[in-house]
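The chain that follows stands alone, in the form predicted alone, written as structure tokens.
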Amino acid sequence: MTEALIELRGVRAAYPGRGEPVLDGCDFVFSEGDKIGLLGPNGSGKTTLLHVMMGLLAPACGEVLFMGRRVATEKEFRQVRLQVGMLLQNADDQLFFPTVLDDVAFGPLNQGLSPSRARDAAVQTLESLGLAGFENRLTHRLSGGEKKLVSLAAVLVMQPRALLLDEPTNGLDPETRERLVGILAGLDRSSLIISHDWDFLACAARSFRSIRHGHVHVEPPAIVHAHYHRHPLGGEAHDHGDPVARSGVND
């Protein structure tokens, strides 16, 4: 049987200030080898699910298991984060240090690498993403696309066994989007991806889930597809709408 990396059992969760929970008795299994696209309209609970899985939001009830063992404390979730990388939707929430090198080397230092080895790992990862020479760049002066790529470098440098990606292509210019899509689609790691970028999901995910009424549901692969079309300004980033939303799914 495929090993479950992270499992949610009967999770009920809501953010402070929200009345009704967005996850309500939710069960979900994320296993080794999974490449899952997670669909749903804004507010349906997709990001909440990822935050609960990583210990960034404590559920009101239910439990989270990592490799079969219950995790609940910050110390326990710290071990999860050393093995599962998460790319946040907003890169500014992920970059804390003045320079790119400091940000990318932070993870390896937390894993116990010496400063010199952490630096070498950071430099190598930046080079692999086409960011050679970025080491001394100031993070607050990077473009939105550059910040996203540096955030990805900060995740990949830790060599995680799995990735949680929250709208990785959102807000990117077409050139940076294609670059990021090529990198992510080529990664041989278990992944759970939130995205409204249907063409990206079609090549990066093997199965699909949606969140409806606080629960995760399996969706048929046909709900997402790649396609070719022409229209004015077709080369610009644009939205084809949310097929889950059109099918009647709501918060």
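All residue numbers refer to positions in the sequence shown, first residue = 1. In this text, all values refer to a predicted model and were calculated from it rather than measured experimentally.
Another form exists, predicted together with a small molecule; not displayed. Remarks below refer to it.
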Residue within 4.5 Å of the small molecule in the model of the complex by heavy atom, from G33, G43, G62, P221, is G43
Even though the small molecule is not shown here, does Q79 get within 4.5 Å of it in the model of the complex, heavy atoms only? no
Report yes if any heavy atom of H196 sits within 4.5 Å of a heavy atom of the small molecule in the model of the complex; otherwise report no. yes
May I ask you to check whether T47 falls inside a 4.5 Å heavy atom distance of the small molecule in the model of the complex? yes
With heavy atoms only and a cut-off of 4.5 Å, decide whether E167 touches the small molecule in the model of the complex. yes
Would you mind picking out the stretch of 201-209, 184-192, 34-42, 64-72 that comes within 4.5 angstroms of the small molecule in the model of the complex, counting non-hydrogen atoms? 34-42
